[in-house]
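Next up: a single chain in structure tokens, the form predicted on its own.
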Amino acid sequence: MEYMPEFRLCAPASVDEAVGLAAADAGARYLSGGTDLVVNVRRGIERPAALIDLSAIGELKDIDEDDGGLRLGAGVVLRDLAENETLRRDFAAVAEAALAVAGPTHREYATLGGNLCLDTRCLFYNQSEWWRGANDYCLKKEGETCHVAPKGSFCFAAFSGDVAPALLVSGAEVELAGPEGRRRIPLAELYNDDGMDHLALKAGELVAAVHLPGAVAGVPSAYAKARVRGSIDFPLAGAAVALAMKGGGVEDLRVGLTAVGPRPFLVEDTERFADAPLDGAALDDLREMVRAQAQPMRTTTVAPWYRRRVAGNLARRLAAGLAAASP
């Protein structure tokens, strides 16, 4: 790790004040728990002129009922998400995903908004300054070549946040605040399929809250991930599944994936399982569908083919468990 560079630290008391500070300084970065950003600053990956500390803004820390669903402030720490009884009951995958992030000390500081805006990761990017310099840097930061795919011009750094896929299967929307005011968009629209530019935020925007719709409250859901070390590591592959059954057949099935590409995403074509029982053959079909759509690259020390197979197995196991528990 490098020494911390010099920067200005701002501590706004409101979202509007934070947005104003960001609008006045294009080199500023928002800071919440700092469990990812501060590490990148110390590695020389990020060199912000100023950090805008959001931790004193009360609005960002609230969990409120919202038209039968929930509004989760982006500054809510992951420990509180994991322990919230309403989330555990009505949006279980979200609570499970929050609990799966890193270790207990990280979850005391890491926030919902930070996990959603987590920088994409790669074996050739998340290194010290001297290591990256010795390898001529990379396409994502200061270099001209992607070491994962040297003949291409695309960055395959993977998004590795745990909470996003769980929110995707729950139909979440994000509330964004910026110089042009506030807007709400489906969570999927927050992400670009681009390892270098994976967030679709406008200049100066921040994630203020996440909205979970009441229409899907109580739909059984679950999250699981594979990682090298069970204590703190980012996922090699992660899957969230939401499953509603009716009359012995599938009413609605959603699968969200993380860590197998530059963005979290919902698996396509799960509608094919509608109105049919989720038996062994259907579960095998689901597993192969997930494997076909998961496209991990050599961004970790673990082989892409293994991560693809794991993603399929995780989705199958979760769906089978939810189906078995369905009345």
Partner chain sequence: MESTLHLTLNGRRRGDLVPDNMLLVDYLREVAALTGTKIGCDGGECGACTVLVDGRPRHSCLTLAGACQGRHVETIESLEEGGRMAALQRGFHEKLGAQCGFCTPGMIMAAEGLLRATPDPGTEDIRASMASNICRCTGYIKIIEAVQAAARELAP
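Residue numbers count along the first chain shown, from 1. All of these numbers come straight from a predicted model, not from anything done at the bench.
The next section is about a form of this same protein that is not shown, the form predicted in complex with the partner chain.
Here the chain stands by itself, but in the predicted complex one stretch of 278-286, 62-70, 257-265, 46-54, 46-54, has heavy atoms within 4.5 Å of the partner chain. Contact check for G152: no non-hydrogen atom falls within 4.5 Å of the partner chain in the predicted complex. Shown alone here, V39 lies within 4.5 Å of the partner chain in the predicted complex, counting heavy atoms only. Contact check for Q293: every heavy atom lies farther than 4.5 Å from the partner chain in the predicted complex.
In the predicted complex, at least one heavy atom of I232 sits within 4.5 Å of the partner chain. Candidate site formed by S14, E17 and A200: none of these residues places a non-hydrogen atom within 4.5 angstroms of the partner chain in the predicted complex. Among D194, E251, E108, E175, the residue placing a heavy atom within 4.5 Å of the partner chain in the predicted complex is E108. Residues of 4-40 lying near the partner chain in the predicted complex, listed in sequence order, are M4, P5, E6, F7, R8, L9, L31, G33, G34, T35, V38, V39, the criterion being any heavy atom within 4.5 Å.
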